[in-house]
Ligand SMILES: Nc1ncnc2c1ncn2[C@@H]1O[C@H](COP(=O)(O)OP(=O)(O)OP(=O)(O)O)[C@@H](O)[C@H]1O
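A lone chain, given as structure tokens: the form predicted alone.
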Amino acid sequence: MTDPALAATTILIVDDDRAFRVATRTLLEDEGYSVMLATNGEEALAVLRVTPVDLVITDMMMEKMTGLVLLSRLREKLPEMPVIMVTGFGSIQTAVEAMRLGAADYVTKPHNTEELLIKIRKTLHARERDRELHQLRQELQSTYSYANIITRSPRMRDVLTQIRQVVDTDVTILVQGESGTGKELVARALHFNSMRKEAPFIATSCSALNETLLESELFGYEKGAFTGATAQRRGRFEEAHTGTLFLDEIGDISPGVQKKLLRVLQEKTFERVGGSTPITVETRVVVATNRNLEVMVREGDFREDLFYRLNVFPITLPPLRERLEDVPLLVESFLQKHGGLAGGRVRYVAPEAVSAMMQHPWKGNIRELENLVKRAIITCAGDTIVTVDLPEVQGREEEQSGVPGVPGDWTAPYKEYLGAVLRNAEERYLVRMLRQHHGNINQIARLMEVDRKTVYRKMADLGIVPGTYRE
């Protein structure tokens, strides 16, 4: 039984030897391929002008047009077309030259049947892989195009202007903003709209790894550098060579990694962990943070020289509560993006639901909004989202309970109510500490007997912005 996938694959055989054409056509049709024939190069080009073909198999030596001339013409007119050359034993060197000029492979006459079939499958598989890669690149470029940064906000339009201004420069870019505002989206837009778009985009979260692991992640390591280093490994800087390296949560890196990062930015060179050979890279660096690096510099938690290296071109993203005019546009975008969660059934959002979302403070920013829309799609009974499950606004809760920040529903489950009480107490405690010590995180962490990262994490979870308490 013919494989439908093979039947949809068309191979053009070009040869002035009728016996070869017929025998090869029979072989390939028996395998399930669709086959077309041409007796010379001109005839082949005429076929290709009107018929889609997936692969060309051409003889090297033909009277009217040699295989090399046909290959050259195909490279001009159909550069993606794979070509397998057929040559005699005495012309192997010419076949190698054909490979250098762009042929996918070659076989010799008289050919081995199984060898020819293997090379055909290999060539077609490589073409399909190239098609998928090309499609993926197109999708990525479309996904991260300027048009996909959805906004009508004047502040976000300023951000788009900044991106366009810096997109094809090699300067280091610092993207600042609260969690969930889309810092990685900006980094990807910078890459996929730049001249580097064909090179790798590598993203790493600096807060996810301790100092030792982050250093080996960024700079790689040599075999035997530490226990478990059984082979040499390239780091993120090498992987992003000629492309873009995105370092998220840059404010969390240790002094040791800060020093090594500064050197890479200054000199474009570094050594792998456990190595001594300098490695040179040409990598564009984009960093992001939701912390105030200037304050960290003043408090001695971040190198001043590194800060100025990173802060060459700062881009600051506004929180969603300061661009509420974008909420309807974002809701519509997320509805289209995640409509498949309900099989495409949910197509609309009622005006009253959008209005309610316009009144919400959105502490989690765009990420919180997207998650809310996803939940609404899943739970929607019809084709229209009429209501959304917005978290209670704190003022409304306080009026009912008499305790700031605690739900007034006394019939709520014990664990739920206790969790709200504890969260409220934790928030009030942190705010009081910030006010008393003017936002000095080092001092607060010492008094709380925890590390600074714990304090920052707690504040992020509670939506507390420490900069508002600093003098």
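Worth saying up front: this structure is predicted, and the values here are computed from it rather than measured. In case it trips you up, residue 1 is the first one in the sequence shown, and so on.
What comes next is about the form predicted together with the named molecule, which is not displayed.
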**Message:** I'd like to check something about residue 163: if you look in the model of the complex, is any of its heavy atoms closer than or equal to 4.5 Å to a heavy atom of the named molecule?
**Reply:** no
**Message:** Residue-level question: is residue 150 within 4.5 Å of the named molecule in the model of the complex, judged on heavy atoms?
**Reply:** yes
**Prompt:** Does residue 334 make contact with the named molecule in the model of the complex, using a 4.5 Å heavy atom cut-off?
**Reply:** yes
**Asked** Can you check whether residue 180 is within 4.5 Å of the named molecule in the model of the complex, heavy atom basis?
**Response** yes
**Request:** Look at the candidate spot formed by 249, 290 and 366 and say whether the named molecule comes within 4.5 Å of a heavy atom in all three of them in the model of the complex.
**Result:** yes
**Asked** Of these, 181-189, 97-105, 259-267, 79-87, which stretch puts a heavy atom within 4.5 angstroms of the named molecule in the model of the complex?
**Response** 181-189
**Fill in**
Students should find that, of 299, 222, 215, 370, the residue having a non-hydrogen atom no more than 4.5 angstroms from the named molecule in the model of the complex is 370
**Message:** Going by heavy atom distances of 4.5 angstroms or less, which of 174, 279, 385, 330 would be at the interface with the named molecule in the model of the complex?
**Reply:** 330
